[in-house]
Ligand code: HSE
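Before any questions on how it binds or moves, here is one chain, the form predicted alone, in C-alpha cells.
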Amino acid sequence: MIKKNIHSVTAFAPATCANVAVGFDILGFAFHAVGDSVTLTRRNDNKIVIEKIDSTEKLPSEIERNTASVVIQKVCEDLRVNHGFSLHIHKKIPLSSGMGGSAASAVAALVAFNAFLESPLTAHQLAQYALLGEEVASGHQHADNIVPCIFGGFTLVQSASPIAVIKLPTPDVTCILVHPHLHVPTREARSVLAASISLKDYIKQSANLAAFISCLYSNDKAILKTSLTDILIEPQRAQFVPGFYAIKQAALEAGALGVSFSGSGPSIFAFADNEAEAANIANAMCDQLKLLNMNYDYWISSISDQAAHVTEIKQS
C-alpha cells in the first residue's frame, strides 16, 4: 500500500478566502501568495510524531490537537498503514487569521501522505479527512476552506456530508488580502452569529449570491461590484476589527470591486480590476490600519486554479 522507495514528501497548501462575502460556509477561493507546507517522513514504527514546527506563533504539538497530525493519524488507522510518520510543519499562514490556516496544514499533510500511497485517495476522500482537522480547530466541520485548498480555484460547497463540490469560473480579478495583527478564533467568530435571520435579509442575500455566481460565468464586473455585499454575517463580525468600515470604505474609494472579511476575519480581502489598482487599494487599506496604530501584513495575487500539491519527494 505504501511505496517502498519514498523516504519523505513535502506538500504545499495555499491560504484560502472563505465565504467571499455572500457565500457563508459555501464559497471560497485559493490564494497562493502564502500557504503552509508539511513534510512527512516515513518511520519504521507505527507512531505519528510532530518532529518540528516552524512558526512565529505557538501551535499545538499534541497529536490530537494539531490539524496536520490528527488527519494523518486517522487516515493511517482507516487504511491500516503499518508505518508511522514524522511531521515537519512549515507554518506561514497566521493563526486565527481567517485565511484557512487550519485547513492548509491538514490538507498539506494529507497531500503529502497521498504521494506515499500505491493507490492514492481521491480529492473528495482527502476533503472528507481534512474536515476532521477543521473540527479539531473550530469545533465545526465546515468545508469552505478545505475545498478550494484541495481543488484549487474558485469553489462552491454544495454539501459537506458527503462532500459535493462545484468548480466555478475563476474571476479575472487581482485579490488583495490584508491581515491586521489580531486573533479572531473561528469558534469565537461563529459564537456571535444570530441563530435566525429575517426573511427580508435572506431574500436580499440570496439575490446577491445568485448575482455574484452569475457574474463569474459572464465576467461582468459591474454585476460583481453591485452583488458582493454581505448583509448577514459581516455586520455581526465587524466588531472584531477596529475601524473595519473605515478600511472597507477606503478600499472602495480607491477602486475596489468588493471588500469583506476573509473567512471569519480579521483578514480582509478586496478585489481589484488589475495589479496597478490593487496596489493603490492595498495602500489605502494599510493607511487606515496605520491610523489605528495596528501592525499588519498584506499580499497581492491573482486567484490561482492550482490546488495543494507536492513540492518535493525524497527517495529511500
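Quick note: we count residues from 1 along the sequence shown, nothing fancier. Please read these numbers as outputs of a predicted model, since none were measured by experiment.
From this point on, the text means the form predicted together with ligand HSE, which you will not see here.
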query	finding
Among 107 to 115, 143 to 151, 173 to 181, 197 to 205, the region lying within 4.5 Å of ligand HSE in the predicted complex by heavy atom distance	143 to 151
4.5 Å heavy atom contact with ligand HSE in the predicted complex for all of Arg190, Arg237 and Ser264	yes
Contact of Asp297 with ligand HSE in the predicted complex (heavy atom, 4.5 Å)	no
Partner contact for Ala18 in the predicted complex: ligand HSE, 4.5 angstroms, heavy atom	yes
4.5 angstroms heavy atom contact with ligand HSE in the predicted complex for Thr186	yes
is_contact(Asp305, ligand HSE) in the predicted complex, heavy atom dist at most 4.5 Å	no
